[in-house]
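Consider the single chain below, provided in structure tokens and representing the form predicted on its own.
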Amino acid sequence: MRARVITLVLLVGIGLSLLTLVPRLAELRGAGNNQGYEPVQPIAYSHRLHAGELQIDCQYCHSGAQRSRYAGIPATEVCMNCHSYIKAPRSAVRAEELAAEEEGRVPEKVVSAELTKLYDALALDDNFLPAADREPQPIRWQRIHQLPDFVYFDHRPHVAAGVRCQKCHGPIETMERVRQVESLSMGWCVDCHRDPFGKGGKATDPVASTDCVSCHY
């Protein structure tokens, strides 16, 4: 009788342990797999607004993708190409315009908290001119997509082959905060090289090489 009780207790313990461990095991991933990584950035830049609603082409900001290995983080001067004229989110500007119309007054200048961070980094004063008492400071963006050092990845041939940004970076035009959507594992990349058409390549493209030295040299 005692043996049966001990066996039953052990079985119940094993069952409870499995219920606890199985969900954790499902979350395990290989080294370097940062799928789902979604860091808070120093400025809450919205890709949903810029790439989605305003339909700004990815390569307007990440122009390095066409001519170098890296897409690159756009310089603040690229931001100011637009924001020298656009001082606040369109929704905030429109809300202020409507309120001013109803009250019969001139709309006030509206600047969002996130845009203020951009102007502060550029050391601009209230008139958006260089402030004499401050120096520009770099914006310390957090890198999200990072391949191991032993992997050679070049944006240029992928852009030339017509692979859309979303195939590697996910539905970027819907993201308020950018996250890593794909695993970027070797198997995931090889699957794409074997079937580039299914991954967004042009119908005229040859099948990409799966030779080891294509990515490891």
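Since the model is a prediction, treat every value here as computed from it, not as a measurement. The first residue of the shown sequence is 1; numbering continues from there.
Omitted here: the form predicted together with a small molecule. The next part is about that form.
Among residues of the shown chain, residue 36 is not one whose heavy atoms approach the small molecule to within 4.5 Å in the predicted complex. Heavy atoms of residue 74 reach within 4.5 Å of the small molecule in the predicted complex, making it an interface residue. Taking non-hydrogen atoms only, residue 114 approaches the small molecule to within 4.5 angstroms in the predicted complex. A residue is said to contact a partner when one of its heavy atoms sits within 4.5 Å of a partner heavy atom; residue 145 meets this definition for the small molecule in the predicted complex. The candidate spot formed by 95, 121 and 124 lies out of contact with the small molecule in the predicted complex, as no residue has a heavy atom within 4.5 Å of it.
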